Ligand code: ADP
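Only one chain comes next, encoded as structure tokens, the form predicted on its own.
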Amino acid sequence: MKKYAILLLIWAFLFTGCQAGENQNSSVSETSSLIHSADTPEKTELHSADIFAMDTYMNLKVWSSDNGECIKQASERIQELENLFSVTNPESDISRVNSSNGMPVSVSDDTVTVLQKAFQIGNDSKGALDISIYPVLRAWGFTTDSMQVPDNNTLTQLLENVDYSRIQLDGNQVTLPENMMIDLGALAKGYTSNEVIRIFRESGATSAIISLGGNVQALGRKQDGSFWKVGVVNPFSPAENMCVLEIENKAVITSGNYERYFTDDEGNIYWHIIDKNDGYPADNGLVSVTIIGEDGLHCDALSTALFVEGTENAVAHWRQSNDFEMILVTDDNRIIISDGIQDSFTNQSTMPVEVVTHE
């Protein structure tokens, strides 16, 4: 199986984010500076927070007139959600479900919302997104940083218990069959970015941009009225931008084979996005999928689902939808974009761009 190492990062021009190791505690550093906006009658200040949570570095920037109260609330909300969704915190909703031995478990409204989205996208993608893949991911060592290639017998046995459709959700009661485990890693940061933007909006802020480990989401436009510019790095030349997007009130979320990967003794490269059809890293023609839309949770889930689906199925999935746009990067050096972002997309690479439309 021939693999290519890809280092692809998505970043907003105002800040950058990077991956880091496991850490259950968040550290917050806040700064502020006075901003005078011609369009805003009251003075607003730039408030910024750098946070480590959900196994990644996060950066929040908001222009508000509330003395930074909204960014403090957002920081607390991030910690609250990490405590609910963490697969390693024994008191989290997810850990309690995973250790339930088939018995129903009461979970929070937040967890219910994320589970419902996981089931929806799982259905829409014919199982390409399956939150019960966690034991297979763990067998590869991606959750422990003890990475290895599991033997086929191990994968076969684990895949027998990978089927999200067997999970029962009745109100706030979750029943997970025995020998199954779940992980919300493909959705948690998207839901969290939604919540941060909600807190900012409810505070009266009209301009903000956040990066949760590369998941970028914007509120409104910049203070000067211009669009936010978000760059996606060229996966085949990581020192350069592949493209630039202009956005407002949108999330831009990428999944690719760059976040966690390792190389075996024969030089094969394996990444953490697993195809449940065989238990191996998804190798269906795509090296990167970027989803653009108003709902961060939806975009986060779709970025993983479309990556696993592969090029043709990802395009078909988009054509059946009307609630997101996409950028696909194929393993033969092509960029495929949906027609809804033509006017906001600038190609900065030498790769050809194909625009797909609804047929």
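Because the structure is a prediction, the values reported are computed rather than measured. So that there is no doubt, residue numbering starts at 1 and follows the sequence shown.
The form predicted together with adenosine-5'-diphosphate is left out here; the points below concern that form.
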Practice task
Considering only heavy atoms, tell me if residue 231 and adenosine-5'-diphosphate come within 4.5 Å of each other in the model of the complex.
Solution key: no
Exercise for the section: Please check if residue 279 has a heavy atom lying within 4.5 Å of any heavy atom of adenosine-5'-diphosphate in the model of the complex. Expected result: no
Practice task
Using a 4.5 Å heavy atom cut-off, state whether residue 139 contacts adenosine-5'-diphosphate in the model of the complex.
Solution key: no
Exercise for the section: Please run the contact check for residue 221 against adenosine-5'-diphosphate in the model of the complex: heavy atoms, 4.5 angstroms, yes or no? Expected result: no
Completion exercise
Answer key, adenosine-5'-diphosphate contact in the model of the complex at 4.5 Å (heavy atoms) among 207, 111, 254, 193: the residue is 254
Fill in the blank from the handout: adenosine-5'-diphosphate in the model of the complex has a heavy atom of only one listed residue within 4.5 Å, and of 274, 78, 176, 197 that residue is 274
Problem - Output flag, 133, 189 and 300 jointly within 4.5 Å of adenosine-5'-diphosphate in the model of the complex, heavy atom basis - result: yes
Fill in the blank from the handout: Which of 266 to 274, 103 to 111, 146 to 154, 237 to 245 lies within 4.5 Å of adenosine-5'-diphosphate in the model of the complex, heavy atoms considered? The stretch 266 to 274
